[in-house]
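This document opens with one chain alone, in structure tokens, the form predicted alone.
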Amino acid sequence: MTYDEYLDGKPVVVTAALTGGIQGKEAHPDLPETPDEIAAAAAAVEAAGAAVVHLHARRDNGERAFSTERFQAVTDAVRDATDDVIVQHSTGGTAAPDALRAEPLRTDPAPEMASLDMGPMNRGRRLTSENTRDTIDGLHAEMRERGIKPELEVFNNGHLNESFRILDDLADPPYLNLIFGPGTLAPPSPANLQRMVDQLPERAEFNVIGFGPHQLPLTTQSLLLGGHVRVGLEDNSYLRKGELATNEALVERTVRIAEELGRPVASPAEARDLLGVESRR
């Protein structure tokens, strides 16, 4: 979690966020939406170097789905199509009722990891994701009961306080995902990323997301600070200005930069050891 760890060649865990739950094929014609499309994308990013796939489920019409049944279909297809990649389910980024938020945790087997939003945020003009403490604690309790590694989603500096509130209840190492973008997210800048990293406890591991054009510079900065990275079409549709990306191309670029900087890319097995993730394979 430090610049010294970068100098020591600490392995980097690359997560690929394949589809998300907001934008659809109107924004990117190749965005994977069906279980088969998501599974094919997962196999491609695993071959490119991703150790973790962050999964959402969608209905037949492309809208976001929360049901256990739909997540089961997606995760079964992904496990069949991949060798060893870590499966991480989304529970956040939404104003859906708490009961629906928990359904992605109830597949068989359970996901190895799941996201846990650490506080309120606005999305678009009409959606506020409340993420009350009751919601956070309820989802966290179910993750703990099912042996799921939580990824704490930190959308702004105040969410660090909420992360510290439950830090003692987390198995080592706590894993915090620092997210930068528009609206109520942390303003995307190298200085803000450095400040947030400076406030993390020593035993924590951190991952960085930069939305849109901020993905490349902020994930590269994370590599230099000893952190991990998430890339993919959920967060960024473009490889460069005017050129649509693929999930595979975004992972390939990240792996290339990491290796040029002297950060070896963690295999799924190495990522499990590094993050304390229980295997479901």
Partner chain sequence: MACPHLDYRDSDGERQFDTARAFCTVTEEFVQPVHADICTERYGLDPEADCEVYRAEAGLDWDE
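Owing to the predicted nature of the structure, the values given are computational and were not obtained by experimental measurement. Numbering follows the first chain given and starts at 1.
Only in words, not in the display: the form predicted in complex with its partner chain, which the text now covers.
Only one segment in the set 191-199, 103-111, 88-96, 171-179 has any non-hydrogen atom within 4.5 angstroms of its partner chain in the model of the complex, and it is 88-96. Across the proposed site, 58, 66 and 127 without exception bring a heavy atom within 4.5 Å of its partner chain in the model of the complex. Using a 4.5 Å cutoff between non-hydrogen atoms, residue 217 does not count as a contact of its partner chain in the model of the complex. Interface membership of residue 23, defined by any non-hydrogen atom within 4.5 Å of its partner chain in the model of the complex, is confirmed. Its partner chain in the model of the complex comes within 4.5 Å of a heavy atom belonging to residue 123. Taking the partner from elsewhere, residue 62 is found to have a heavy atom lying within 4.5 Å of its partner chain in the model of the complex. Of the residues in 185-220, none comes within 4.5 Å of its partner chain in the model of the complex through any heavy atom.
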